[in-house]
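What follows is one chain in structure tokens, specifically the form predicted alone.
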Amino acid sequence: MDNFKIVLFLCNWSPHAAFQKLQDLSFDIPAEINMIRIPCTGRISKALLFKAFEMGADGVALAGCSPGTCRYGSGTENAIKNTQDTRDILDIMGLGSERMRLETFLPDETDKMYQFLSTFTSDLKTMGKTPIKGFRSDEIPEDPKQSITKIIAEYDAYACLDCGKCTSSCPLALSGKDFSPRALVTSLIEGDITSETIKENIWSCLTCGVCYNRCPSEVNFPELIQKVRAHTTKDITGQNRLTHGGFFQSLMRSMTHSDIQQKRWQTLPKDIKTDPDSKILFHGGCAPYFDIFFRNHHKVENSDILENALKLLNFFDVTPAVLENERCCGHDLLWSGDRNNFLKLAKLNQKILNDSGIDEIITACPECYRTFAHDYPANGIDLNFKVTHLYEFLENEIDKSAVTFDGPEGRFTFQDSCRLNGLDEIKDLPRKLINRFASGNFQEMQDSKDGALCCGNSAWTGCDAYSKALQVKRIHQAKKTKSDFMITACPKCRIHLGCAMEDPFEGGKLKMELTDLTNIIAEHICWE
């Protein structure tokens, strides 16, 4: 018989008193319940709630204080929001929202506590176990120093001329952080991977690629850092550098389980046409998860990019397939050092996509494009179809079609995507598209193109005071253009710059509308 695992986060106040009485009176508490005593349910983040599922829990319960009785004031309210967000994420993943439940209690509600635990256990057994078997690593540890020596040789870091061009152009260094690609490479060559400064700097790098563009020896520092992180990811410094409690890495690791059957495209507008038999597949990426995770923070709405991308495909008479069980490409696992699970996810995607019979995959996400088109082949994952960025498709179609644009009105500027900037075949496409509808109302920021400032975060790592300072600097540059809004080309730029605009010290000085290039094109394109 299957052994079910239920994690119960039990508030130390009223719920604990009710649970304690159950024990004192020898109630038959379900053996599947694994109780964790906590100070307040409001302190259990979405990352912790989801982590329990990643580690193999079949259900997670929160037992909190009744509204108005929380000792910390907003604990119950926070728990309600985090629970609903987690439930909605579980629904998209196909696990089912009913695996996550919250109930509130007064100290004397012993019978209510027993009924809640018994009913939840019974319901879970009816639903069955989750397809997530629990995280374990099959990775065979290597000697980090020997591995990093190989990486240094692979990227010819010995060719560093010690000229300092990387440091003098690094957005992070220019924001005031004591960080130098040149100095870090020198330390790694010398075998220093244990000092706190070096460990910190390995995880501070934004992997934006500005240093690579400036390096006279063409040392690909971002990819070098990517490989080095894979050999230091178990270090506590690396774990502490994951933002939002490592939620997105947990989400992606959970997707490596082949039995998961997600429900990704349940809410598409009826006017969008898709065809399951199409030879062209549209890959959406993680935008729906971003929207749920951040909706109570700064109301992120990146799913509109996916809907507008599909509308544009329909506009040009393409009716694409969408994959209901679509998984993440694995970009953030790879760039945050978890190469082992990246490869598991990549191989699973390889089988699903190669067996789907498609000729082409189109994505609007620069990270998905880079991962499928470059990082999969570089890691031995061969795909039997063409990988196309939406901008390439649009530029080709607009170039041969009788289309025009009816706007947009107002002055605007553009935030470069690091991943697009790092790929010669598509780096110029955003501006080509912008110039098709710009009528003297487009103004470049001070740092643009190859020298553009990063949005301050990469692969959900390294968010600190310096990356925030970088974001604020970038928004000030946008403000100096006197623009009414900023166009972005990456969902994460939209998230991170939007977050920085809520800086309490700057007040409303940083507020500016952010919109994605895909949305602008979809809203203003028309037939002549």
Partner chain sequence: MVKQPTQSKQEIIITGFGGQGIVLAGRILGMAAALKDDKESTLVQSYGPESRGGACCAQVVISDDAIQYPYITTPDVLVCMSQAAYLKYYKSVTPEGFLLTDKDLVKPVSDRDCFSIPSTRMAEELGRKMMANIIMIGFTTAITQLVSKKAAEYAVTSSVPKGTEEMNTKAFNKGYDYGKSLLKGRAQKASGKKRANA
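Treat the numbers as computed from the prediction; the structure is a model and nothing was measured. Numbering follows the first chain given and starts at 1.
Quick note: we don't show the form predicted in complex with the partner chain, though the next part is all about it.
Screening 316, 72, 385, 437 for any heavy atom within 4.5 Å of the partner chain in the predicted bound form leaves a single hit, 316. Exactly one listed residue, out of 150, 299, 133, 400, brings a non-hydrogen atom to within 4.5 Å of the partner chain in the predicted bound form: 400. Not displayed here, the partner chain is approached by residue 525 to within 4.5 Å at the level of heavy atoms in the predicted bound form. Taking the partner from the other structure, the partner chain in the predicted bound form has a heavy atom within 4.5 Å of a heavy atom of residue 311. Under a 4.5 angstroms non-hydrogen atom cutoff, the partner chain in the predicted bound form lacks residue 259 among its neighbouring residues. Although the partner is absent from this view, residue 275 stays clear of the partner chain in the predicted bound form, with no non-hydrogen atom inside 4.5 angstroms. Here the chain stands alone, but in the predicted bound form its contact with the partner chain, taken as any heavy atom within 4.5 Å, falls in 402-410 among 196-204, 110-118, 77-85, 402-410.
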